[in-house]
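First, one chain by itself: the form predicted alone, in C-alpha cells.
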Amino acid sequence: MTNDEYASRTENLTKRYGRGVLALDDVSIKIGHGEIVGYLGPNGAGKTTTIKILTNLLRPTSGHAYINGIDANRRPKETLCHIGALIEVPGVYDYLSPRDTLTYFGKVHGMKSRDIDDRITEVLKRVKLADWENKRIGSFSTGMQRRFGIAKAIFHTPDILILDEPVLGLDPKGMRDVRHMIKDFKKEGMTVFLSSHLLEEVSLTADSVIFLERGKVVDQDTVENVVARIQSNRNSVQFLNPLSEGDLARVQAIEAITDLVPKNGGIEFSFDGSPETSAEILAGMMTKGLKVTAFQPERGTLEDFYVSIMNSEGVR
C-alpha cells in the first residue's frame, strides 16, 4: 500500500463511446482507506464504466483513475495487485470446480501451493461454498456463482474490493450473509466500493454514497447525512390500551394533526415535522388522558433521497 491519502480516486474522468455516447462526464470522486462506499444511479448512469476503468478493463477518453495513488491505466500491473473485483457476471469456466479455478488464480498471483490450499479452504468456507469445492461451477445457481465471484475477488487478500451488484440472484438470507461479509472486510482494513440497485442493502452496509446520473456525480455524502436531509412529516404512536372511537376523535381534534389513520394497534398521522409541534402533539395526547408508549417520527430513507434527487435531475 502507498501513502496516498485515498484508497481510490478519479480526477475529471471522462469516457465517450463512439461519437455520440458520453458515458462519464468529468467524474471526480474520492474513496478513503477502510471505507464502504455505495455507488448509486439508474441503468446507464456510468457506474460499470467507472468500475471498468478502475480495473483497467477500459481506458478513459480523458482524466485519470488512481488506486493507492497509482494511475490505474498507466501502471495496471501494480494497481491490480491491490484490487479484488466482481464485475457484472463472474468470468468462470463452467467445467472447472472452485478448487481448480482458485488454484489457477493463486498461481497467477505467485502464491505457494501450500498457501493456495489453505486459502481455498478459508475463502470457500467464508462464502458458504465449502461443500461445493470440487463440484462443477456450471451446476451452481446464480446466487452460488455470485458468492463464488466474491471468493475469487478476495482470494489474494486485496486492499480494495470493487463489487458490481454483489447480491444479484441471492435470497434474503444470502443478502444478509454478503452484508455481514462486507462489514467484516471493513473490520479487516479493506476498502469496499459497492455498486448496487438495492438501496436498502446499501443503506445497511455503506458508510457513504455517491449518486451518479447521466455520467455526472450529482451528490455524495455519508449515509447518515443523506437520511437526515430527507424530512419526513409522518409520525406513528402506540398506546398502552387500544383506542376507542371517542379516543380517536379526541386525538383527531388536536389542531396540528392531519391525515390520521389507525395502524398496527396505534395511529399514524401527518404534521409539519418540527420538534416543537411534536412536543405540542404529545402534550395534547397526555392532557386527554391517553397513555403513550411510543412516539416515533418516521425517518427518511436512502430510497426517498434517491427518488428526490433523480426527480430533480429529470430521471423517470
Ligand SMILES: Nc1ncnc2c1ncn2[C@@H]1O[C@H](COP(=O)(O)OP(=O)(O)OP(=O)(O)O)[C@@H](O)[C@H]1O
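Source: prediction; values computed, not measured. Note that residue numbering follows the sequence shown and begins at 1.
Omitted from view is the form predicted together with the named molecule, to which the following refers.
Novice: When the contact criterion is heavy atoms within 4.5 Å, does L302 count as touching the named molecule in the predicted complex?
Specialist: It does not: once the named molecule is placed as it appears in the predicted complex, L302 has no heavy atom within 4.5 Å of it.
Novice: Although the partner isn't part of this model, could you tell me whether E165 comes within 4.5 Å of the named molecule in the predicted complex, counting any heavy atom of the residue?
Specialist: Yes, contact at 4.5 Å.
Novice: Would P60 count as a contact of the named molecule in the predicted complex, using a 4.5 angstroms cut-off between non-hydrogen atoms?
Specialist: Judged by the heavy-atom cut-off of 4.5 Å, P60 is well away from the named molecule in the predicted complex.
Novice: Going by a heavy atom distance of 4.5 Å, is S28 a contact of the named molecule in the predicted complex?
Specialist: No - in the predicted complex, heavy atoms of S28 and the named molecule never come within 4.5 Å of each other.
Novice: Out of H156, R126, K183, H197, which one falls within 4.5 Å of the named molecule in the predicted complex, going by heavy atoms?
Specialist: For this set of options, the contacting one is H197.
Novice: Taking 4.5 Å between heavy atoms as the contact cutoff, choose which of G34, G266, G44, G284 touches the named molecule in the predicted complex.
Specialist: Looking at G34, G266, G44, G284 one by one, just G44 meets the 4.5 Å heavy-atom criterion.
Novice: Only one of these stretches, 247-255, 284-292, 36-44, 267-275, has heavy atoms within 4.5 Å of the named molecule in the predicted complex; which one is it?
Specialist: Selected range: 36-44.
Novice: Where, within 14-42, is there a heavy atom within 4.5 Å of the named molecule in the predicted complex? Residue list please.
Specialist: Result: Y17, V21, A23, P42.
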